[in-house]
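Look below for two forms of one protein chain, each set out as structure tokens: first structure 1, then structure 2.
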Structure 1
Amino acid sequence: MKRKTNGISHKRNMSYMPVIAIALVLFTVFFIIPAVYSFYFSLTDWNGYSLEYNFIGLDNFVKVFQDTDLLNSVKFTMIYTVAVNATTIPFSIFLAVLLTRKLRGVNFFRSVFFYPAIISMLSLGLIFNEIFRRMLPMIGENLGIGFLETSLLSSKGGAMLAVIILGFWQNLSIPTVLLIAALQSVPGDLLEAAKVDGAGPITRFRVVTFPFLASTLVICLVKGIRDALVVFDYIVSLTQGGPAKATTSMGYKIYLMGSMDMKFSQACATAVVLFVIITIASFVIMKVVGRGGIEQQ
């Protein structure tokens, strides 16, 4: 039997195999098998407890787009994802540009701006809950500012806005840091040359700087969209999906259906839909935004 080899003796190759085997076993048993189970149960009507269940084909998947509650969770998740990324990405470019100017104190701002990234999402959700529910209405009453008096969390649109504000507040930090690094990789003489040729600051940014940011922007967007699509902690702690289920994200809905509402198979199907959305979104971004950039490294 002739094998494809790597020019290393069989005995030596074998000495690496135990470690690879441990990794494969752990990963298969604790990640792949549960994931496969999810696909499997998504085709059934199992409620998570009963002893018997039936195969019902793609019914659960059809329901994701027919059931009012589920469709609403898909809609909210999309709105949240688009809103958070459409705000964080431009603002992080803006902040990164400011933070790479040679000014005194810039390092201090950098370290403060990054701090939100290390606080737990759950704690922040609880803090923002107190701010929206108690602090702002209290300030509104004391100062007689009408629109502050009712809590943002008590109306559907307001609660959605509150989740987006929290998402923006925390998720600005990592793209900013990544973009600072990318901006610092833009060769100074290239900018200088463009300046000599008479290009204004906006043209310089568009023509010279932007191509250097493209690959970083792909990373920020893929990560940002992925994180937003699976949003769970913020919802649990800030709004608990309310009011009137307006902020029930897909991630939260999956949890509710799977562990509270005895709709295990429906939860699995929704998770599969979420997986498909993430995969498609990631590939589209890599293809569309990734083009026209300069490969770094």
Structure 2
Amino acid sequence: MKRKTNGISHKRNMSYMPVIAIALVLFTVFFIIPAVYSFYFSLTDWNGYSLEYNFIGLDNFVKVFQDTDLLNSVKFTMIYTVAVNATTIPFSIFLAVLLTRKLRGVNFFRSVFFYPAIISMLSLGLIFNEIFRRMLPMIGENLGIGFLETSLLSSKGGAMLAVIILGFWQNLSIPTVLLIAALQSVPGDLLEAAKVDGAGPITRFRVVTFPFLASTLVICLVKGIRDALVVFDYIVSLTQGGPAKATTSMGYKIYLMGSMDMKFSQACATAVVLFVIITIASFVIMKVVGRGGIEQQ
């Protein structure tokens, strides 16, 4: 009987192999090979179209840290990343807690909050461009609201705020859905026991609920930081890096260097640096946030 069960398990495992093989092939073709080529070209002086190029070692990486415009794009990207994630994660926890209660029409509101995730980011940028450039100034003029009469996109600080608002609105949906699923896995008897013992709502959340959310929060933070560090679509359709390069992100800068300035090898070096930043940030988050997870207790 045991031998028969093992045979069924082996056949079931073997049936997964084609799916795993396809995934590995796709991952290798679309991620591993481009990443290796990108690192290789970052060590050359290739301009992206010439048939000849030279090996120059780490010169491109030195230029990355000497480029004033690039350092400004790093500054904006870091501000955007911190601002979006510092607002998105707490607010998504609040919404997830609210949307797991037995409220009237809760499924409708879950759908509404998930809606931004299914819209193209390029389309969102174009929509919000019209909102910030035309709709809000028109509302400000008609209602006599002074600060709305001028488009946010006309100033450096306003453009940065506009990009952060759009990033917050679009990136709120996925964490909310994931945290709703995580909240539904919290045992009700543990919450009731904590309540009987006199624990207040904050204490119950910190001691009972948070350990069950920690692993999901790690996923949300890693995804949120990765998406923020490589933000590109919003910038193209909303501000095009302006005004005065105030909203030029690292992703948009890499695009400009590789496609417009013909500095393809330097763009590859910048992409490698960005990859290292994302890797370090993800590792730190998994160590710090993941430490509070239920599996660690």
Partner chain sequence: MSRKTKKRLLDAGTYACLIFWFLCIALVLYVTVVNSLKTQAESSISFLTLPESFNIQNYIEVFHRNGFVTAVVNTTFFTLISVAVVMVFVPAVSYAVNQTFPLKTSKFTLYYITAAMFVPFQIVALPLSMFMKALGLGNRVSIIIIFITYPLIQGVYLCNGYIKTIPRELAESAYVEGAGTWKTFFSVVYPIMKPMTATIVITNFLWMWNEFLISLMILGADKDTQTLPLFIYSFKGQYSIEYNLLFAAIVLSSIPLTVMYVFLQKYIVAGLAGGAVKG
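In this text, the rigid core denotes the largest set of C-alpha atoms whose superposition between the two forms falls within 1.5 Å. Numbers follow structure 1, counted from its first residue as 1. Remember, it's a predicted structure, so these values are computed and weren't measured experimentally.
- Source of structure 1: the form predicted together with the partner chain.
- A rotation of 16° separates the smaller rigid part from the larger between the two structures once C-alpha atoms are superposed.
- Core-aligned Cα shift between the two structures at P34: this is 3.4 Å.
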